[in-house]
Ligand code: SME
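First, one chain by itself: the form predicted alone, in C-alpha cells.
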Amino acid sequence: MTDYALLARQLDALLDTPDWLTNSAQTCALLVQEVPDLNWAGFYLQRQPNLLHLGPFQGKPACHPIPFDKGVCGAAARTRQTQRIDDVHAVADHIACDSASQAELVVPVVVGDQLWGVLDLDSPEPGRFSADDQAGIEALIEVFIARTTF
C-alpha cells in the first residue's frame, strides 16, 4: 500500500521551483517511481477549448489530442471530477493508447475556477485503483497546485 502522506511530503520537497513544466515532469517521475503497478503517468493540458494536449509523462508514447467528449480523460476534463475506472474495456469510448492498460485514474487539475489539465494514471492491473489511491492522488494534485505557477 502506498503511503500517500509520505509521498505528499516528498513531492512538496521535490517541487522546488514554481515552473509548471518542471513540476509536472517531476510529479510524473515520482509517481512512476513510488506508486506500484503503473504503466503510464502523465498530464494532459487544456490548451484549447474542449481539447486536451499531451504534456509531460512517463511511459509509452501517448494519444494526442484528446477531445473532452472522448475517453476517461475527456470525461474528467468535461465534468471536472475524478474518474476511477476498474476496467477500461468496459468504457465504450475508452481511448486505448496502450493495450496493456486495464485500469485508469484521472484527476482534474483545477486552478482557481479554471481547468488546467488532468493527471492520468494507467495500470496493467484490473481494479488497481482504490478509494484510498484516489484520495491520495487527489491530495498530491493539491500539493502540485500549491507549489506551481500556471
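Start at 1 with the first residue shown and count on from there. Predicted model only: the values in this text are computed from it and were never measured.
Below: the form predicted in complex with methionine sulfoxide, not depicted.
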Subject >> Output flag, W20, L45 and I141 jointly within 4.5 Å of methionine sulfoxide in the predicted complex, heavy atom basis >> reply: no
Subject >> Heavy atom within 4.5 Å of methionine sulfoxide in the predicted complex - the one residue of L51, L30, I95, L115 that qualifies >> reply: I95
Original post:
Would A77 count as a contact of methionine sulfoxide in the predicted complex, using a 4.5 angstroms cut-off between non-hydrogen atoms?
Top reply: no
Subject >> Touches methionine sulfoxide in the predicted complex: V35 (any heavy atom, 4.5 Å) >> reply: no
**OP:** Using the arrangement in the predicted complex, list in sequence order the residues of 30-66 with any heavy atom within 4.5 angstroms of methionine sulfoxide.
**Re:** W40, Y44, A62, I66
